[in-house]
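First, one chain by itself in structure tokens, the form predicted on its own.
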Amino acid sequence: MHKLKLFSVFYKSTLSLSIAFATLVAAIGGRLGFITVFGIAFMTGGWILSLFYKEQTRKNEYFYYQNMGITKTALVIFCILLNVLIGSFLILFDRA
């Protein structure tokens, strides 16, 4: 349970940049609709941009998670999977 909380703290720290990127891309436009474009951008570029930013600005933060028994790879995979899950849900919700 403690590790799940650490995963969620890490994910929340990447969420604001992912949402901002997806909103910007969806606002610029797309013929698919705002929510669908938002979901696609959130699944793809959102996590790439937020993890790149995290890597450039707060790379020492990974040592904290490693000391708690969570690898950097596990954190990245968790973020990717959660973004894909949320993005897929948004796309399916928009299509319904």
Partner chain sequence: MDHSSFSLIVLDVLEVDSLAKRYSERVILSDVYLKCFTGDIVGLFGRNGTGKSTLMKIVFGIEKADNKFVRVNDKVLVSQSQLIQEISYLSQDTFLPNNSTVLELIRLTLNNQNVNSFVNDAILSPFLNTKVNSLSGGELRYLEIKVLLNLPSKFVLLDEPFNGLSPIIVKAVSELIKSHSKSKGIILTDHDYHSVLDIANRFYLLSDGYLKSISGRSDLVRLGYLNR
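Numbering follows the first chain given and starts at 1. Keep in mind the model is a prediction, meaning the values are calculated, not measured.
Omitted here: the form predicted together with its partner chain. The next part is about that form.
- Contact check for Y64: a non-hydrogen atom falls within 4.5 Å of its partner chain in the predicted complex.
- Although the partner is absent here, R95 lies well away from its partner chain in the predicted complex, with no heavy atom inside 4.5 Å.
- In the predicted complex, at least one heavy atom of R58 sits within 4.5 Å of a heavy atom of its partner chain.
- Contact between I70 and its partner chain in the predicted complex is found at the 4.5 Å heavy atom cutoff.
- If you take 5-29 and check each residue for a heavy atom within 4.5 Å of its partner chain in the predicted complex, you get K5, L6, V9, S13, in sequence order.
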